[in-house]
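This document starts with two versions of one protein chain, written out as structure tokens and named structure 1 and structure 2.
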Structure 1
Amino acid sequence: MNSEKGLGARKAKDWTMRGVALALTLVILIPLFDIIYVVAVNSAPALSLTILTKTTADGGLINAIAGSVFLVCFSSLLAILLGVFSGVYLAEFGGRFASVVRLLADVLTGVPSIVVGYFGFIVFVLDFGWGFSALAAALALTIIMLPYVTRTTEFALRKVPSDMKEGSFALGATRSTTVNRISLRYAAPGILTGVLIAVSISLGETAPLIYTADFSNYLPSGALTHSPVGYLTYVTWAYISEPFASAHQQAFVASLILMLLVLSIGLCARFMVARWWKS
């Protein structure tokens, strides 16, 4: 009984496919480790306090770091304000308009970021006359972040147990009180996860910023309009094609900072999701 015609070939095929699946998984993961390795090794010689004390013109990165933080904070603030309440609308007050909004949120995630950049340049920078500015750049980033914050807020609110809401209603609470005091509080970790993902995306964006923020060798002035802003991804993109070794190092260090931030935000989000699903 312990033999069958053609079984050898079938087994061989099975083992081959097992091997292919493993091999391709490794093939995908090798670049990830290589990216981290290449970025780390190439920025190592340049790692010093200069990065934090000098601007890009003097071999540092402080203007780009400050600019990135400024733009991400500014756009996150706008995206959270708009996104969380849009999410509340989708989850709690749905109707025909809600399904339109939902569809358009999906459309918005699919809009290439360079298209948003072009839109921002013509409309905010030229037509509105804001010039290259934090406001134009932050609005462009907000457009990109908004659908993520909205949809995660909606998903998170939908996970709020209905008996919890009913308990609140039974105490005579109105719908708005229940949403603000109970649902949003319960869903907060889930919403925060979405915000973190959106922050991580906006931190890594370049295309929407090139023609809205432009670039500046100086620290952000705090002015919202008519004042270009520096940011990290620009340094990586532009400085790697400069003919100086020192510029290349700045490009790598900018990438290293980006990777560290994206990595820790990703870990944070994952940790929160794990805890949230458990509770």
Structure 2
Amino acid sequence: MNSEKGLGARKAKDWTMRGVALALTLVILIPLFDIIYVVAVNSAPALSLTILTKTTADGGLINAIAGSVFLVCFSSLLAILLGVFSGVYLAEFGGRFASVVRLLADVLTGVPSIVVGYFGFIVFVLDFGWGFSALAAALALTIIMLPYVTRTTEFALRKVPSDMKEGSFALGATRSTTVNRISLRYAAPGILTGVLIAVSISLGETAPLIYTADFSNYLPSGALTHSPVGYLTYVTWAYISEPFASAHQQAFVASLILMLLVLSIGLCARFMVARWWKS
């Protein structure tokens, strides 16, 4: 009899927690779907080949799209290389400077992006003499992305079972081989999560780019210095304040493209990891 009561209590607790989890999920999803709905509805009238092929000066977004993709790819390359190496160092080697690197990464995650932008303006634009440019903007985004990649890489590597590492060492593998063949492979989903968070944050940044990239109504020239670059977040931020309906539509379309870019990056990354695990 007592066992039946205990089973009933556990089932009641299970259903209660499921209900709480479902309610909390809805609390998160309802505002998300509301944002997607508002952006989709307001951008639909302006969706056309024209807005995707002309520059912002002519009512399009091609220069902003190209600039955003270029800046994010450039900064992601730097942040992923430096962040993964830093995370491996913290998790697998941990020399005397590990605590310093860990502290700096934690501090950087709490620094407002506008402070990073102002730092980039003072150092990269003025002191280094690069002017408003892709290089200055990419380095500013790299500073923002780096701590997320570093810390998530460290956390993911620390979750690798010690038995797997010990088995690798027992078979005669070196520490470097174990990290490359075992630890990184097992920790790939966790590392990918940090990379996706960092890329999503960089795609949504405006303040640091205003100080380092300015804005250009033309396609990127390919020059890394002394050449302003257009980007989607500026269109969203600036054009929504304009008193023209066409500008508002451009802002909503820019927001829709940003969301689609984040979704596409996430799906591609998950597909690549799935293929990697199967290989």
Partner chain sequence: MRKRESPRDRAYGLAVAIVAASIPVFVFGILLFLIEYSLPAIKFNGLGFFTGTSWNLGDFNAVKFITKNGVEGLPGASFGILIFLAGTLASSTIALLIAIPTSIAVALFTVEDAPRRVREPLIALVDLLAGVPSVVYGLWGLVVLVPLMERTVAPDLASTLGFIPFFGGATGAGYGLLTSGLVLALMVTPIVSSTVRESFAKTPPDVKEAALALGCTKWEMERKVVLPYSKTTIAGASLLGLGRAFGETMAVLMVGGGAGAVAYLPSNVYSPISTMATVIVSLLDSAVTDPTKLALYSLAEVALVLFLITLSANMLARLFVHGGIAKALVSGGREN
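Residue numbering: structure 1 sequence, from 1. Predicted model, so just to flag it, every value in this text is computed and none were measured. Basically, rigid core = biggest C-alpha set you can superpose within 1.5 Å across the two forms.
Participant: Looking at both, which one would you say is the form predicted on its own?
Facilitator: Structure 2 is the one predicted on its own.
Participant: Tell me, please, whether between structure 1 and structure 2 the C-alpha of Asp58 is shifted by 2 Å or more, with the rigid core used for superposition.
Facilitator: No, the C-alpha position differs by under 2 Å between structure 1 and structure 2.
Participant: So with the core overlaid, does the Cα of Ile35 end up 2 Å or more away between structure 1 and structure 2?
Facilitator: After core superposition, the C-alpha of Ile35 moves 2 Å or more between structure 1 and structure 2.
Participant: After superposing on the rigid core, how much does the Cα of Val262 shift between structure 1 and structure 2, in Å?
Facilitator: In the core superposition between structure 1 and structure 2, the C-alpha of Val262 moves 3.9 Å.
Participant: Mind pulling the C-alpha shift for Leu26 between structure 1 and structure 2, with the rigid core superposed, in Å?
Facilitator: Reported C-alpha shift between structure 1 and structure 2: 7.8 Å at Leu26.
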